[in-house]
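Only one chain comes next, encoded as structure tokens, the form predicted on its own.
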Amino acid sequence: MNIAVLGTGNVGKALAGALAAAGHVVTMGSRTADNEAALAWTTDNGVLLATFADAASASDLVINATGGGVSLAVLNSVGEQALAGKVLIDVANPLDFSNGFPPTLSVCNDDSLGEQIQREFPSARVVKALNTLNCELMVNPSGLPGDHVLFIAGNDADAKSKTIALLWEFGWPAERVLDLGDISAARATEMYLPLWLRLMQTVGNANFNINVVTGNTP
């Protein structure tokens, strides 16, 4: 599959590298196609480099791994036509670091970045996923012992099925991917980030995740 990974940070690199290793044709999207640092990394890892717009246009599936504060601007530079009909996996979180650490959320409660993206690009099939854990665990869940889960949300059932299939290639069995419903559930996963950041400070590193344990009510 031709996959565009928009964003050249740690998350983008982790996803692009894992997808390329799995045999996909991966193009990393950057503001410019001659970004020297990104070009060196992509050359070393079997990944192509292009502008955001060119990467998305040539893809079958798009992953938004840009910073949440710039995601809408980046996707607007790509344009509706390049995203029309495609699965758009949104990994970003709307973190606002303008007042330092810990960040606040620039959108929350009655809206989410995932919903904003879906409204802005109604013909894209947006799935919120992979935004509740660090990039190393995104592509290597066996890095933690035992069962732990991730969440997805989106309006399109087929897009979610395709996302689950891609997650399986990273090592996530379907039973550990919890479908929270339509894209409005992105509010919940994005608002988990303040707790995730506090847990990171308490645990002392980012190598953790959560599990959901259920049982019968007595």
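Just count from 1 along the sequence shown to find any residue number. Since this is a predicted model, take the numbers as computed values, not measurements.
Below, we turn to the form predicted together with another copy of the chain, even though it does not appear here.
When another copy of the chain is considered in the model of the complex, Leu178 lines it closely, a heavy atom lying within 4.5 Å. At a distance threshold of 4.5 angstroms between non-hydrogen atoms, Leu199 is in contact with another copy of the chain in the model of the complex. For the chain shown alone, Ile210 is a contact residue for another copy of the chain in the model of the complex, at least one non-hydrogen atom being within 4.5 angstroms. Under a 4.5 angstroms non-hydrogen atom cutoff, another copy of the chain in the model of the complex lacks Ala40 among its neighbouring residues. Contact check for Asp147, Asp182 and Pro194: all three have a heavy atom within 4.5 Å of another copy of the chain in the model of the complex.
Heavy atoms within 4.5 Å of another copy of the chain in the model of the complex are found in one stretch of 162 to 170, 185 to 193, 26 to 34, 62 to 70, which is 185 to 193. Taking Val139, Leu133, Leu105, Val74 one by one, only a single residue has any non-hydrogen atom within 4.5 Å of another copy of the chain in the model of the complex, and it is Leu105. In this stretch, 127 to 141, not one residue has a heavy atom within 4.5 Å of another copy of the chain in the model of the complex; the partner itself is omitted from this view.
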